[in-house]
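There is one chain below, alone, in structure tokens, taken in the form predicted on its own.
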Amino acid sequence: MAVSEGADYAPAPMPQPVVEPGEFVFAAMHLDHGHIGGMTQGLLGAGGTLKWVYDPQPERAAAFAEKFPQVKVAASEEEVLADPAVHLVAAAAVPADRAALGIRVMEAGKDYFTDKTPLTTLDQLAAAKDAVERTGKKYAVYYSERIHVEAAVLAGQFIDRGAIGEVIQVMGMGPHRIGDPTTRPDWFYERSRYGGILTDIGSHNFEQMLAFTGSTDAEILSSAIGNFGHPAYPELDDFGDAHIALSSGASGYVRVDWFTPPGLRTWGDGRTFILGTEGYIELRKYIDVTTDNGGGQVLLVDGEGEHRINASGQVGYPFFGDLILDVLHRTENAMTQAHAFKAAELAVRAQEQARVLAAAPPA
């Protein structure tokens, strides 16, 4: 259904590069998760200049260099951190190693941009906060399911304009496909290294609940985890959910799992439902099941009617340009440090408090 003529549902102008070549130099290192590709593309699209890549496994650095041939392969982490031209280091290390790496980066005088989840324990959170305070550097986080999804970017614009009134609940569904379990790295199945399902992929949704409600804090009301279908991997949580009360007065719910069936055309049918006092929004982020619409679908219902807006190719990803300018000007427009850390804290607390619903019997 077409958008009503009187509604302000046009996206904001597409973001453009914010710097000239060479003005903002960054490096990539510790390529354990594939998200490093999206992080790199986002910074390049905003005008960043990629100079270095480093990984302890040379074949991974070589594969990265094939995708980004302008990059130089460093012989060590130290070679990257010693380069005074580098403003920021982007990394996607094993989750349990991300905080220690970030502290090394910040102590070397660089800002840090890590894949989610940015850390896996409350002790790591305390250490990261201390390092930020001590060094004055940034510990930015790639919460990609909001900042690198056009439907979510557009929903944020609508919420900011008051399109659905005051947001009173956010529900996030984050199903993922595990694929062939034997192709996953060992750390994927070790809770001490990946942090648990709510800490890991759940962190996306805690961040969205804070962002879409304008909240600065939240209380975990309940949380649960389980291993329903992977007995060969007893430390894997293949299901998790949590219910939270946000400081704005809104409520939030997240459900994440590793049960996307082979019949789906993509890795997961990620959806977000945002209820307001004057309307509601559904995001069909990656696929609109049984249709050829593709992902990027924003469904909005308000006092004027029912609206479907395809955000794909219309909105872009302003986070990356904002982050670059934040690094250069020491501002906090992309995402505040408090917000990035609070989302991680909620994810860790939900994991720590979770009731175990089921443990699959040994294979």
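The numbering used is simple: start at 1 and walk along the sequence shown. Not measured: the values here are computed from a predicted model.
Just so it is clear, the following notes concern the form predicted together with a further copy of the same chain, a form of the same protein that is not shown.
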Self-check item: Contact check for Arg60, Lys67 and Ala100 against a further copy of the same chain in the model of the complex, heavy atom at 4.5 Å
Solution: no
Quiz item: Only one of 109 to 117, 150 to 158, 214 to 222, 84 to 92 gets a heavy atom within 4.5 Å of a further copy of the same chain in the model of the complex; which is it?
Solution: 214 to 222
Practice problem: Classify Glu278 as contacting or not contacting a further copy of the same chain in the model of the complex by the rule of any non-hydrogen atom within 4.5 angstroms, answering yes or no. | Solution: yes
Quiz item: Does at least one non-hydrogen atom of Met171 fall within 4.5 angstroms of a further copy of the same chain in the model of the complex?
Solution: yes
Self-check item: Any non-hydrogen atom of Leu299 within 4.5 angstroms of a further copy of the same chain in the model of the complex
Solution: yes
Quiz item: Taking heavy atoms only, is Glu133 within 4.5 angstroms of a further copy of the same chain in the model of the complex?
Solution: no
Self-check item: Answer option from Val73, Val289, Ala126, Ala232, heavy atom within 4.5 Å of a further copy of the same chain in the model of the complex
Solution: Val289
Quiz item: Going through 258 to 280 from first to last, which residues have a non-hydrogen atom within 4.5 Å of a further copy of the same chain in the model of the complex?
Solution: Phe259, Pro261, Pro262, Gly263, Leu264, Arg265, Asp269, Arg271, Phe273, Leu275, Gly276, Thr277, Glu278, Gly279, Tyr280
